[in-house]
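Single chain ahead, written as structure tokens, the form predicted alone.
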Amino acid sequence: MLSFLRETAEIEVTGASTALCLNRWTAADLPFWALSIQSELVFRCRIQAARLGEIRREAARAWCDVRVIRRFGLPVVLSRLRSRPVLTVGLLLAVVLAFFLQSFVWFLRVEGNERVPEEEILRALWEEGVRFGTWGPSIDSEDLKNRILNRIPALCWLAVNREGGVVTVLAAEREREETPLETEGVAHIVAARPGIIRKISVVNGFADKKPGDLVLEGDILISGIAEWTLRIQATRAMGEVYADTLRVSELVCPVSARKKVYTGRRETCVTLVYERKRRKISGNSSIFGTSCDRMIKVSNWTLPGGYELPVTVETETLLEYTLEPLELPARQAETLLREESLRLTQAQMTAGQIETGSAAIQKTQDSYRCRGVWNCLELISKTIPAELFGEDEVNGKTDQRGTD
């Protein structure tokens, strides 16, 4: 750094007695460094530009010639800038702005969030006044943290750090609370729909049915009450029951429909979006008197290093189309209705799968009708509370004694 503040020069010395020249410089206490031997008669080195005259005199006494190759240092730079005043002013202004602009917020970053969207945290910051161009010293990190935590209950901790023009928000989310499995009280497991039991698994309680039994909706599968000779034992029934069930679905699809046919006409609209303000730059944002598809492409302005500016360019493309009648072929209708019947039947089951079945398609004057009959293996058990009358409940068990 000190060598840059003073002017230095790189010189080339030529002569028959280069060694004598170096000895005379050393004896006269003239500093030189970065010595580079080019040949027996030529060498290069660096010296202090202020002592160039003494260097030349001592070299001449050793029958050597000195040639300046180039000069270095701040004085050289300043002498060049004196002939270019506009560049000098621009350089000084850039230095001032580099320090002054660091007092404003230019970029916002969020780290540590997983379930809470980054946009939600940035929106909360924007509503609290922390945004692009905010005066940095006006940000009270502790107060801002408390206000953001009140706005977003899913966060349990927050830290707002500002480094120059970059504000980094470090967030920690609350642990997701699992819904506890209910184990208290007396309950039965009953059939949610009719079926033939294939598999029954009892975790707690007393099985009232066995594989192969036919059950109707509401029948008790696993009981939470067991009656003994002199007492009744009550608990919460827990388990799973899978049964063979029959599901029927009916769907209707029109014979004719309308499809899009693009006319080839298109319009493009370019919009500049800054924070919550929009300004249209060019083009039309609609096609009057007709239908159109709308496609939007968003381009973000990103600086090197991944710093994203809060300025986006939206390119909106409109494609005009008309609707023309289209008749649905019978084979295509059968495929669509069968797939939809399977999807709806699977969605209606809590757990399980479709094993066999068929879909019958019937065409009428203006529609296709589908009746699907599907054999399923599904979970039919559901828990309902058991009602007890006249018992004294003690520790989850009920003692009931008869009359002496």
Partner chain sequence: MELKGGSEAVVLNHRGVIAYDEKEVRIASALGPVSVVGAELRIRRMNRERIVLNGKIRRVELGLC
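Residue numbers count along the first chain shown, from 1. Computed from a prediction, not measured in an experiment: that's the story for all the values here.
There is also a form predicted in complex with the partner chain; it is not shown, and the following applies to it.
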property	result
4.5 Å heavy atom contact, D65 and the partner chain in the model of the complex	no
Contact flag, A360 vs the partner chain in the model of the complex, heavy atom cut 4.5 Å	no
Contact test in the model of the complex: I11 vs the partner chain, heavy atoms, 4.5 Å	no
4.5 Å heavy atom contact, F43 to the partner chain in the model of the complex	yes
Option touching the partner chain, based on a heavy atom within 4.5 Å in the model of the complex, out of A50, I37, L344, A351	I37
Option touching the partner chain, based on a heavy atom within 4.5 Å in the model of the complex, out of E355, D29, E339, D366	D29
The partner chain in the model of the complex: contacting segment from 29 to 37, 51 to 59, 331 to 339, 372 to 380, heavy atom within 4.5 Å	29 to 37
Contacts with the partner chain in the model of the complex, stretch 73 to 89 (heavy atom within 4.5 Å)	none
